[in-house]
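First comes one chain, alone, set out as structure tokens in the form predicted on its own.
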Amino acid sequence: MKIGLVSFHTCPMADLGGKDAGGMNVYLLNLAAKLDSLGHTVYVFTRSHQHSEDSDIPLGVRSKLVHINAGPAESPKEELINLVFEFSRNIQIYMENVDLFFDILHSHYWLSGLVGDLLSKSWQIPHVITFHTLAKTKLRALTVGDEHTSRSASEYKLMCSSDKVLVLTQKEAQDINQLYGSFGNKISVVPPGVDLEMFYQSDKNLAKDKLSIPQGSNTILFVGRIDPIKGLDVLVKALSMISLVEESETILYIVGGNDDDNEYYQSIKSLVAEMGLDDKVIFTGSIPHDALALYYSAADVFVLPSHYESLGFVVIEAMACGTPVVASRVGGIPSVVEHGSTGYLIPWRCPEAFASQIEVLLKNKDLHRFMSKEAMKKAYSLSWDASSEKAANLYSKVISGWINTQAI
């Protein structure tokens, strides 16, 4: 098959933890690479950004990541809806120049869905969409937000017009049916995987040495965007409540974007200072994806206090490195974290609850070893090979169904 993947608002190769760069980026790169290894041709389209003008980057043997010009590189995400037609038109021009035709399009996120909808109709091919996050689920979890006014309506229209909605968890399918209407027959669940060649358990002491983390310290790790939906304020407050033996220093590493113009980042820095935790919290900024394994291996506990997560790829990566997880019981996280086995799920936004479960893992070495092994078992059961094969089979069924419908 020849497959087009659309990632309008974010480049799949952007450093994780930066603005608009997270689990979706991981998903796209792994899906494209594995589909290529199965013999399919995959073109991933993203908007040109700084240092990437007109660049095509190979993905596997026959596939590419293609940067397409559309508006100024510095255009903010909230204005990209005005560039949908330009981006779509320039993809069409690119495809005409390379003389290539797709069998199917798979769009990622609602803005990409608007592009995919236009292109699929123009090319008369089927369109699959994965939203990754939905406006109504985010607003239900976090009552304040700056979502585009047309996002919810656009998501609903795309659910109606697309040929298939591919979701990563059963919880996401339930959310769509509860919040947007009954789309059960159109939704298919295809769980993602984890790159086990990149993420695996390595020597903790060696990892700490490489990162200049003091040996014997209790290392807590967060990885993700610095955004209100991630609940970092809960984690910082929890850190202030953790009481361990004084000689065992406790350090929180926050791996993610730390742009000075990010108001939430500034508020977290202020909270850290206000609580007297400056010497216990380290902001690393964004780092390349392939450097994350070292942090996961060095960490004693991985914490994700999000108010909502469609899945939480960072949770699976941490578990693959043998690091137990303490995370919010929200979204798709419970489909990965098994409470009391691979980590702990916190059902409310309560710093005390997070502090208590983090303490349990840091104090009880036998429990920590047990959960570390169980976490790796769970992560190793999630394969990108299996996920990409399921996606490819879904594409084939959608194409066949679409052709039969056109023949009627």
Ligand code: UDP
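Small disclaimer: the values here were computed from a predicted structure and weren't measured. We number the residues from 1 along the sequence you see.
Only in words, not in the display: the form predicted in complex with the ligand, which the text now covers.
- A single residue from the set Pro214, Gly276, Pro288, Pro76 has any heavy atom within 4.5 angstroms of the ligand in the predicted complex; that residue is Pro288.
- Only one of Met24, Val398, Cys11, Ala391 lies close to the ligand in the predicted complex, with a heavy atom inside 4.5 Å, and it is Met24.
- Between 169-177, 250-258, 122-130, 106-114, the stretch whose residues reach within 4.5 angstroms of the ligand in the predicted complex through a non-hydrogen atom is 250-258.
- Using a 4.5 Å cutoff between non-hydrogen atoms, Tyr295 does not count as a contact of the ligand in the predicted complex.
- Contact check for Arg225: a non-hydrogen atom falls within 4.5 Å of the ligand in the predicted complex.
- By the criterion of a heavy atom within 4.5 Å, Gly312 is counted among the residues contacting the ligand in the predicted complex.
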